[in-house]
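Single chain ahead, by itself, as structure tokens, in the form predicted on its own.
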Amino acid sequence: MTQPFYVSPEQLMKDRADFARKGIARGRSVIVVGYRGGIAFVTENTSRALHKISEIYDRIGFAAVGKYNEFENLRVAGVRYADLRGYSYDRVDVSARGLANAYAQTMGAVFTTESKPLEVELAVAEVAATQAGDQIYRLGYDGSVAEEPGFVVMGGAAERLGALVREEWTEDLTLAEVLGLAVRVLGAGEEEDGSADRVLAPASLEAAVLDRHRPRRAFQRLSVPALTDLLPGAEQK
């Protein structure tokens, strides 16, 4: 009788984590950043049908990197969770914190019990009446959840791009200023391989905002003409 192949729990978790990180690194980075009037979401995405940024509920937005089919299933589940909770209790009872906890339980269970982890990383953001009340949560492939003050960068180059955002970001930036910052960071080249900075055209971007001044539904997508007007020196291509 042959002995079953043994893999230690530590090695199994490490292999799953490495697998998930490699899948996430293949996708384009996403930046979620607060500004004076709300929270902005920006990523490089030429598709007008396959969105990486979406609305979940009245004042809650969603962004993801990784495998589209996996994070789209999570987005749909989040919308259903929010709708059910808002219908069963009250619309004000639907919060980004509650949604982040629900996502963390699902993603953590998949990571520990399924043969393949989810190759996704999520951000859930909620805009409040004041900037001090805004919330941004980052969820890892293993179900880990963290509240990020001010901004979050996801994707394979998150650490490098996050450092670039940190150098320039302040709470008092306007929408045009945070969009310009996000676009510069997304197009930044790597010093290690000598790659040059890229200039990203509005047509190659997907962007949206949670506008704290909009009544009830704060989420609004930014069209290519709107991005062209907001980004200094941008040309529509």
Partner chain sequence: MTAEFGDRLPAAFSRPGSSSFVDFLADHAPNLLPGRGPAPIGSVETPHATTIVALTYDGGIVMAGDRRATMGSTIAHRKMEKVFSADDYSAVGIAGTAGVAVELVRLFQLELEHFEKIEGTLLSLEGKANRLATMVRAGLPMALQGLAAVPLFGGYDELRSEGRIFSYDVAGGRYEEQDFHAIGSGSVHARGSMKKLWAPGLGAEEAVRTAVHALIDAADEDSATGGPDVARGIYPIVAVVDSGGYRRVSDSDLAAVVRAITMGGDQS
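Positions refer to the first chain, counted from 1. It should be emphasised that the depicted structure is a prediction, and the values quoted were computed from it without experimental measurement.
There is another form of this protein, the form predicted in complex with the partner chain, and it is not shown here; the text below is about that form.
S.K.: Evaluate Gly86 for contact with the partner chain in the predicted bound form, applying a 4.5 angstroms cut-off between non-hydrogen atoms, and reply yes or no.
M.R.: Gly86: yes, in contact with the partner chain in the predicted bound form.
S.K.: In the predicted bound form, is there a heavy atom of the partner chain that lies within 4.5 Å of any heavy atom of Glu55, even though the partner is absent here?
M.R.: Yes, contact at 4.5 Å.
S.K.: Any of the heavy atoms of Lys116 lying within 4.5 Å of the partner chain in the predicted bound form?
M.R.: So Lys116 does not count as contacting the partner chain.
S.K.: State yes or no: in the predicted bound form, is some non-hydrogen atom of Ala163 no more than 4.5 angstroms from a non-hydrogen atom of the partner chain?
M.R.: Output for Ala163 is no: heavy atoms all beyond 4.5 Å of the partner chain.
S.K.: Which one, 143 to 151, 108 to 116, 127 to 135, 163 to 171, holds residues whose non-hydrogen atoms are within 4.5 Å of the partner chain in the predicted bound form?
M.R.: Careful reading of the contacts points to 108 to 116.
S.K.: Counting only non-hydrogen atoms and a 4.5 Å threshold, tell me whether Val76, Arg80 and Ala102 all contact the partner chain in the predicted bound form.
M.R.: Every residue of the candidate spot has a heavy atom within 4.5 Å of the partner chain in the predicted bound form.
S.K.: Quick check on this chain: which one of His213, Arg217, Lys22, Lys14 has a heavy atom within 4.5 Å of the partner chain in the predicted bound form?
M.R.: In short, Arg217.
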